[in-house]
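Below sits a lone chain in structure tokens, taken as the form predicted alone.
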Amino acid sequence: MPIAQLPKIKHVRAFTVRGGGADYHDQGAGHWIDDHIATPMSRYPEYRQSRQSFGINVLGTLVVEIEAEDGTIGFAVTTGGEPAAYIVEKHLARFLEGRAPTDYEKIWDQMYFSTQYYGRKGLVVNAISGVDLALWDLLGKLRQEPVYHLLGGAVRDELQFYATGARPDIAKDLGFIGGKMPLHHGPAEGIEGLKKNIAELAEMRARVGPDFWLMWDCWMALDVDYATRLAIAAHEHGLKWIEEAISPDDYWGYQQLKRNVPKGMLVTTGEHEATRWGFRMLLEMDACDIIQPDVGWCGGVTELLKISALADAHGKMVVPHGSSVYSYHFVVTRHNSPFAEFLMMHPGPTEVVPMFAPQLLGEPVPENGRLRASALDAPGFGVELNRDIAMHRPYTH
């Protein structure tokens, strides 16, 4: 029987949006995610209290739409805002329009290598990731299948989650398997800051009991010496892992830190890493225990499949950085991704709310720390774009 031809891609469009959603740092005052959290900029007192003070939310959300000849629209959201919209409209769109949506390997290759002279990581790969995710969403909608079916199907009946936020004790009550806290004090705050970090961990351990996972997200804020001292001091309080402790470019530092931390404590990183080549460095240098690519930043689903296969061959787990449905559809199909991250985007955070609200409609959230695979059964990534939000298309082509 001849294979039915899917309609070709007709239009690619890029929009920007402000206020939460995929750019989850773009929050109002009083949110836990912007409350004296350690960063590489914490060495400057004027940028220590608020990450927004040094511009963490300057980009905003990028929305990519890909429309097929029959009017079907695939879309995705990631970070990148106006500069990423320019790259999508003025550079990347040429590799999609008039093409078959099934040609995602060739499209990805052309997007990456055509931008390599000014890209490779960061903003350009964010833009490529947004396009790639929108393409997978379109392909699922055209085939009337969820993306996780296109990736090989579920290997388990449900996803289980740990929660990232300032209140792991509440996360435990809500049914999550663990809680990852932001680290509040960096090396510039000296031994007193380190003592405050340990006191906070000790208090949280007393609240959650001995068996609940507790982790620290250090957001690239530390050096090897401070991270080592922090890990050793935290060990008696049962810290499961220390995440993204140092600069993502310092592969040698991660290699050293992994040797330094107490036996049984895990070193994790990769949220700000990109492509199979970046992760190859981490894996071949044995620089961490778990890699944490963000599917909206590392190159999209097309590239995450390669990254995951590489990690699997090295015996490493892949636990993607929280990116809502875009990572759920991936995690449920991989044996080496046994659990997922849920970013607690409630300001408290004292309740479970959709991670990328208000941009996505129909975004599933965990119940009692779990999500049935069947909750992902709608075509594509199973969500719709909220057309009531203020979207701006700064460029056309």
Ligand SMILES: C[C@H](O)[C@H](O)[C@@H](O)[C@@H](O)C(=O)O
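Note that this is a predicted model, so its numbers are computed, not measured. The first residue of the sequence shown is number 1, and the count goes up from there.
Keep in mind that the form predicted together with this ligand is missing from the display, and what follows is about it.
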The listed residue (P168, G81, P182, G278) that reaches within 4.5 Å of this ligand in the model of the complex by any heavy atom is P182
Residue within 4.5 Å of this ligand in the model of the complex by heavy atom, from T164, S324, S308, N197, is T164
Go through 331 to 339, 57 to 65, 28 to 36, 359 to 367 and give me the stretch that gets within 4.5 Å of this ligand in the model of the complex, heavy atoms only.
-> 28 to 36
Mind checking whether each of D217, E271 and L343 has a heavy atom within 4.5 Å of this ligand in the model of the complex?
-> yes
Would you check, heavy atoms only and a 4.5 Å threshold, whether E303 touches this ligand in the model of the complex?
-> no
Residues in 43 to 63 with any heavy atom within 4.5 Å of this ligand in the model of the complex | R51
